[in-house]
Ligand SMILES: NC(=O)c1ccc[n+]([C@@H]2O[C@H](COP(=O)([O-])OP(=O)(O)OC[C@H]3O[C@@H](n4cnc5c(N)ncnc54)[C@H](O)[C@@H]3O)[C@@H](O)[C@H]2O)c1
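This document starts with one chain, in the form predicted alone, laid out as structure tokens.
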Amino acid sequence: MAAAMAERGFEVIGVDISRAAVDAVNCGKAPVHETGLEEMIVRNKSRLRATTSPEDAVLNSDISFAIVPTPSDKRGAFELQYAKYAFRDIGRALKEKDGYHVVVLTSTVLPGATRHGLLPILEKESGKKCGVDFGLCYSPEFIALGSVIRDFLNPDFYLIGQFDEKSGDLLEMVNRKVCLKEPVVRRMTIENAEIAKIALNSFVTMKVSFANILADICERIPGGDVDVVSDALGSDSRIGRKYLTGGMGFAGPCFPRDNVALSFLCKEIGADGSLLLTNDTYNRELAKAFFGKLSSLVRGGETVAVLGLAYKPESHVIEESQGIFLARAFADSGIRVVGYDPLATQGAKQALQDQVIVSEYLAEALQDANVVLITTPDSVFKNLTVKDILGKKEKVTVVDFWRCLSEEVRVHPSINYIGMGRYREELSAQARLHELWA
């Protein structure tokens, strides 16, 4: 966010409690892995600096964005501890500042948290009044790891929850300058924006689950193909094609917890959140169902290669990773498992410990594999050739959860290719349909 804003011409000051992160930015290095980030930091060193001092940042800027973690607590709600620390420091800096300043919370929170949990801290620490001496907005981003910069500069829309018109006006001005196109801006109350953010994420997870149900259906219907069905559904403007690709369950640091958090809110305010709970349960059981389908493909003494240990392509994050779950499940059943991921090697090694061999090289992971599972549609895996997969082996089974491998691989006689979401058991399925309708 800091790098992209600097790219768009703003003078930006980044703040972090981590001295290592601050030093990295000031040296033109990316403190985290993200596509294109380091190059953007280097290009904008003259407009971007970092500090560990919130006071320095607030006193020398007009608008502050708080982008701190809001981890899930035991109830499934979002913890405000780190946001409270940040708002305390911002409030103390505002006390020393002359002139108007806008504070924007970007972290995902539940409805009511900004106004009732965080705003009082700003007013107490600053001794000033919101709407008079400073402004406040809630404005979360809709971005995905691996494509953060692209998503940030080209959003579908900007969501602004404003305390008052003045606060929203300043934030919208910033957004319009940051955006690479003419942006859609939705301005509303802070509470409506809080609802909209978490509701959007939760709705997307239901779309993912529905696509996975379709994939399961298509596997059991002669000629069934989830991509063909999804293309048809996605042509309807009421539905759209995004997130309708049957594959593996939703995972990562946001989708699973946001769904749980919205169901928590429903329970607390007396709304019916049963649909949300059902979706969460279905998704958590999905990897177990996949293991049940695939366990018969592997015999004792064989090796399974799991390609894709991050929760999605172009990411190093393994949180709630379906690939990690499958690797662990096969290892627990006594099968030798070798895992590989282009970016998530270290995190996967820590998560899997001695259960699974996590290889540094793709060729090494494939070398002895009798069964290969493609669990993320990473470009590295899409480009696999027959030679890459077979090596010196006579026969290999490939399970492609995303149906992303080349035609050459899919039809090769020495590769038993299984595209999940496509029909697999023609005779038995024909018999079932005949019995049902004849």
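A residue's number is simply how far along the shown sequence it sits, counting from 1. Just so it is clear, the model here is predicted, and its values are computed rather than measured.
Only in words, not in the display: the form predicted in complex with the named molecule, which the text now covers.
For a residue to qualify, one of its non-hydrogen atoms must sit within 4.5 Å of the named molecule in the model of the complex; all three of 16, 70 and 107 qualify.
The contact residue chosen from 227, 123, 320, 141 relative to the named molecule in the model of the complex is 141, the criterion being a non-hydrogen atom within 4.5 angstroms. Checking 86, 365, 160, 94 for any heavy atom within 4.5 Å of the named molecule in the model of the complex turns up a single hit: 86.
The partner is not drawn, yet in the model of the complex one stretch among 42-50, 62-70, 399-407, 369-377 has residues with heavy atoms inside 4.5 Å of the named molecule: 62-70. Using a 4.5 Å cutoff between non-hydrogen atoms, residue 254 counts as a contact of the named molecule in the model of the complex. Shown alone here, residue 100 lies farther than 4.5 Å from the named molecule in the model of the complex, counting heavy atoms only. Residue contact with the named molecule in the model of the complex: residue 361 places no heavy atom within 4.5 Å of it. In the model of the complex, residue 215 stays away from the named molecule, with no heavy atom inside 4.5 Å.
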